[in-house]
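This document starts with one chain, in the form predicted on its own, laid out as structure tokens.
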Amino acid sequence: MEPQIIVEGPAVAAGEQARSVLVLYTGGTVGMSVNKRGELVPMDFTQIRKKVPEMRQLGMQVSVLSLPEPIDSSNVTPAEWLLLAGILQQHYAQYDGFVVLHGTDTMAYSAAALSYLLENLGKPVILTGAQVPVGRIRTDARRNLVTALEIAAARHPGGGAVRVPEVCVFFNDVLIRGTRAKKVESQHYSAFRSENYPPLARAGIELEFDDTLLRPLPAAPLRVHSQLDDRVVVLKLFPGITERTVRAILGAEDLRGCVLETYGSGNAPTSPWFLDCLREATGRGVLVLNVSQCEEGRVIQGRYETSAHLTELGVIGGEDITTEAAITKLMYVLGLGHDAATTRRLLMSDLRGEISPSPAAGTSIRA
């Protein structure tokens, strides 16, 4: 697959080069168009300048690379995340930034997964999509695409260093760290929210970056990981959950990790059967990561009696990590193949901005 230039760069002075951005189309509404009969059809990206005339004013060279078969985001698997990471690695040296066009349903999972896979990332990888396809009167596709391209090419004032050296989601005028994004809306344009961390930038009349929140440029070269362990589950607690259900989930063959979605600040039932299920799972070496069902706040194991027993059973407190970032982190860390102690330490550590400092440190950041 070779990228196709769809917007030529502007004329520049001798010795200079126009900024270049690679658009990687994976599927989703953002890559659909409306034909004369009003039907949704895949977009012909060679015609994108007609669909999105604003691109001609960007002052950059834009190339597009489409997967051979577009993927509905509901069908995305870890195999697709590894494929995307490999494509980005292949073209990393040739472009100043990257925009990944993706369906909205699992965009937050993909953003988190790519955040972990692309270690020491020094260029922008901006995921975006749309709720309404190009061609419809009230589409959000053009605005999201154009602004994502601007962010992917952004530099500090005066032509300085890369502005956003990390994986992010841009949607409806808000730039969100890839490990903090969550889809919260299916019928409105404000589809994504940044959980437990402020947005990195807002798009108003101008792009307004908060440089105090952005990750610094890495000191080491890019390292792209190629292993994810999908032997993981999410267990969401609810009043009335039965022993049969919990045992069926935690007793899955060859299970290695579980994201346990608990109540409030990390609380769970104290029923003997529930504690026995957790004890048996952790005894088999299953890593259990405690994540709150609440949209804000954090897990503090031991604050109440209903969470104190979890630490005793070896459950790992997930602090303020999202479920999307937690399940992909489990896949990533388990895929590294480290010993048990190192694996637990990595799960407890902030690897890609997915965990805020503890409030005890006096530096907790709230959205």
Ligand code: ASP
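Position 1 is the first residue in the sequence shown; the rest follow in order. No experiment lies behind these values; they were computed from the predicted model shown.
The following text describes the form predicted in complex with the named molecule, which does not appear among the structures shown.
- For the chain shown alone, residue 28 is a contact residue for the named molecule in the predicted bound form, at least one non-hydrogen atom being within 4.5 angstroms.
- Residue contact with the named molecule in the predicted bound form: residue 80 places no heavy atom within 4.5 Å of it.
- At least one heavy atom of residue 131 is located within 4.5 Å of the named molecule in the predicted bound form.
- The named molecule is not shown here, and in the predicted bound form it never comes within 4.5 Å of any heavy atom of residue 199.
- Among the residues 72, 280, 211, 243, the one placing a heavy atom within 4.5 Å of the named molecule in the predicted bound form is 72.
- Of the listed positions (147, 104, 110, 267), a single one reaches within 4.5 angstroms of the named molecule by any non-hydrogen atom in the predicted bound form, namely 104.
- Looking at 123-131, 270-278, 292-300, 220-228, the stretch with residues near the named molecule in the predicted bound form, meaning non-hydrogen atoms within 4.5 angstroms, turns out to be 123-131.
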